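Quick heads-up: it's one chain on its own, the form predicted alone, in structure tokens.
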Amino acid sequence: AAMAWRLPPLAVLLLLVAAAVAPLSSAVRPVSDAHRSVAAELFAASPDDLETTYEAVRTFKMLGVQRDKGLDGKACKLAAHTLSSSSSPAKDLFQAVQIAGVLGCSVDAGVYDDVASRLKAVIKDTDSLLEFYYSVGGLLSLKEQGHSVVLSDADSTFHAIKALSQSDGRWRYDTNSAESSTFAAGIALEALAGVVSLSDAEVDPSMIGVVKNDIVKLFGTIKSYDDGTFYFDEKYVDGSEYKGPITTSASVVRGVTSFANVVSGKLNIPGEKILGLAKFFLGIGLPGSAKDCFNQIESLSLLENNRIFVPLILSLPSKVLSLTSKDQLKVEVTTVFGSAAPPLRVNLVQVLGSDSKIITTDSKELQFDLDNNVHYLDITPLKIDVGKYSLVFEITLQDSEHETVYTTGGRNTESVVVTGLIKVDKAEIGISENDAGSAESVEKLDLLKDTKVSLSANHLQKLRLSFQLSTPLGRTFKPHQVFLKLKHESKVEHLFVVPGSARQFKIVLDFLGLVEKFYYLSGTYDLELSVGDASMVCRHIHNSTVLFGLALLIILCLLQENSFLRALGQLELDLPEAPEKAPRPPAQAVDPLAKFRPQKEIEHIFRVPEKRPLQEVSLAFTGLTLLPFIGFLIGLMRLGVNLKNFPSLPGPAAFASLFHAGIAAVLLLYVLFWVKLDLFTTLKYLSFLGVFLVFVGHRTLSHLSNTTAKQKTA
């Protein structure tokens, strides 16, 4: 039976494409320019702390990203200041030496000698694993930069670090720690590798063998996913200690690869676990934080060139293949940084359907394109149809000597989506009087073209729609979702699921039983059919997910060979009048952008202005306002105002002049009040002028009073 939903068909297709994109967008691919762009963005700001600065310069060096010379100069100044400071702890000295080594900062040899002495003193006095790690690491970095650094008591230091190990391969941070840590195991192995490198004599071989056995135990605690991904995590969760899988795995990779590079012989670590760690870090994709970016790139850089096994990554440039375009299956086998692999063969040994059903077990060797460094295979002979498949590949190294250097992991499984042009046959739409048929009007539809119909019906009739879908190989195709949408001219929408049988999709809408669902709304309805399936996504969708939003992907899909959203035409529906208690249509959502659109023009009629006096009368009254000022001037003349008593001495004369200027300013302020200023602004200015006039007026009047007193005395 048909169901009426209010979910838009485009939203349904969005969910379908999202489900198809999810397993494809997380595909394992080697380090690319996208990682370089993300690293440049995450470390764009110039950090002020040593740790972030070290991670930034180290990441850029591994990726080959050019930094701003000004930022490098700032980092060198920070490192030089830390190295010359007598209060810098071992951690800061370690990071400062690393920064100076990466950037080639100019540091006085005497400063380095002092740093080496301080780090050696820390090694003698500490029982903290972190202090050992930073001190040994700093000394090793000094040695790598060409300075003569020797750890004379290497055996005792080695034993002191080894004493913190546990029976399960993990390490404690110090002798007082009750819990062991996987992260601590990584930095312990790195510190031990540094001790071996700094030693002036061979470290006890038996202790080296014990540590190798500890590494085997440590890898016994590694965790995994079903796809062959391996990672390390902490044994316990604590707010102050828990590091997370990325940080923990990175610590172990640093420690194990460092130790393997300085000891003789090969560590007994299975190659598939090294490959699984590489897949874990590549599976992160583009990291979201600077710390994760540093851990990811440094771990992959160490795995790129190590003495255990160099992992070779099998990846597919495109995980969506089109039968219509006769796409070739292309496979790349490279190192984690995209370097070319040694000579090898790639065979497709098995194809599994989405239900894990075996499609074919015929082994087919892929051809190798030397110019593009890609293996390829024509998928047409495989006889695979539209759908999702799991392809099982087997990689074989041609030179047996390479088997001790590289690891391929044996068989590798990759998921692909095969698309094709879905054929639509026997599509019909019509209006009938009853279930048996008796159609009054039936029209053929070509759903692959923009053809529209015009229908009319009343509440006693039924709408029928039927069609068939077939794959490029002629098999019946049943998509995940098929919807028919009816949209009233008042924007009220109704969505119906179109049920499908083994060969045909068919829906019958009985309007008599749907009058309430249609809210008794007569008028014009737009008919729209949407067909979507996870295997009907558009080609190269995995590349588009990086460049465009998922909504744009839907549009691209609908414009191509696969899922379709088709307007079928219009239906003029005549329904009876709604009874008094009939349900009302739901309120339509208000467009949030409507308030920004042009508004309706407001028409307003102003009142007729009142009558005003003649211009001559206005001018006459304006002149009358000047009479008080004229009277003031006449009064001054009658009183005989003069400047005979104006002070002659420079000081009093200056105060008298300022006093008269202040009075003039007050008069000017009155004029401005009438012309421009408001009352509050005028009072504000008048308050300042009043204080000024009191001061200069008092000095002026005091001088005149003293002068008058002297004249009377004389």
Partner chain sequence: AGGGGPRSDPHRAGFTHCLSSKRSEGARFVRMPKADGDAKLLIQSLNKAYAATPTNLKIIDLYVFFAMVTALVQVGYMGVVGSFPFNSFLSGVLSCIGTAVLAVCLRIQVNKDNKEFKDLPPERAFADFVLCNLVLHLVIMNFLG
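Numbering follows the first chain given and starts at 1. Take the two forms, find the largest set of C-alpha atoms that superpose within 1.5 Å, and that set is the rigid core. Computed from a predicted structure; not experimentally measured.
This next part talks about the form predicted in complex with its partner chain, which is not shown.
Asks: Pick from Glu610, Asp450, Asp425, Asp125: which has a non-hydrogen atom within 4.5 Å of its partner chain in the model of the complex?
Replies: Filtering the options by heavy-atom distance leaves Glu610.
Asks: Check each of Pro381, Gly146, Pro579, Pro628 and return the one that places a heavy atom within 4.5 angstroms of its partner chain in the model of the complex.
Replies: Spelling it out, the residue with a heavy atom inside the cut-off is Pro628.
Asks: Quick one: which of 481-489, 192-200, 628-636, 297-305 gets within 4.5 Å of its partner chain in the model of the complex, going by heavy atoms?
Replies: Going through the listed ranges, the match is 628-636.
Asks: Does Phe621 make contact with its partner chain in the model of the complex, using a 4.5 Å heavy atom cut-off?
Replies: Answer yes; at least one heavy atom of Phe621 falls within 4.5 Å of its partner chain in the model of the complex.
Asks: Trp674: heavy atom within 4.5 Å of its partner chain in the model of the complex?
Replies: Trp674: yes, in contact with its partner chain in the model of the complex.
Asks: Answer for Ser37 alone: is it within 4.5 Å of its partner chain in the model of the complex, judged on heavy atom distances?
Replies: Outside the cut-off, so no.
Asks: Can you tell me if Tyr685 lies within 4.5 angstroms of its partner chain in the model of the complex, counting non-hydrogen atoms only?
Replies: Judged by the heavy-atom cut-off of 4.5 Å, Tyr685 is well away from its partner chain in the model of the complex.
Asks: With the distance limit set at 4.5 angstroms and only heavy atoms considered, check whether Ile663, Leu701 and Ser705 all reach its partner chain in the model of the complex.
Replies: Yes: Ile663, Leu701 and Ser705 each sit within 4.5 Å of its partner chain in the model of the complex.
Asks: Fitting the rigid core first, would the Cα of Asp48 be found 2 Å or more away between the shown form and the other one?
Replies: Asp48: C-alpha displaced by less than 2 Å between the shown form and the other one.
Asks: Rigid core fitted, is the C-alpha displacement of Gly474 between the shown form and the other one 2 Å or more?
Replies: The answer is no; the displacement is under 2 Å.
Asks: Comparing between the shown form and the other one on the rigid core: C-alpha of Thr682 shifted by 2 Å or more?
Replies: Shift of 2 Å or more: yes.
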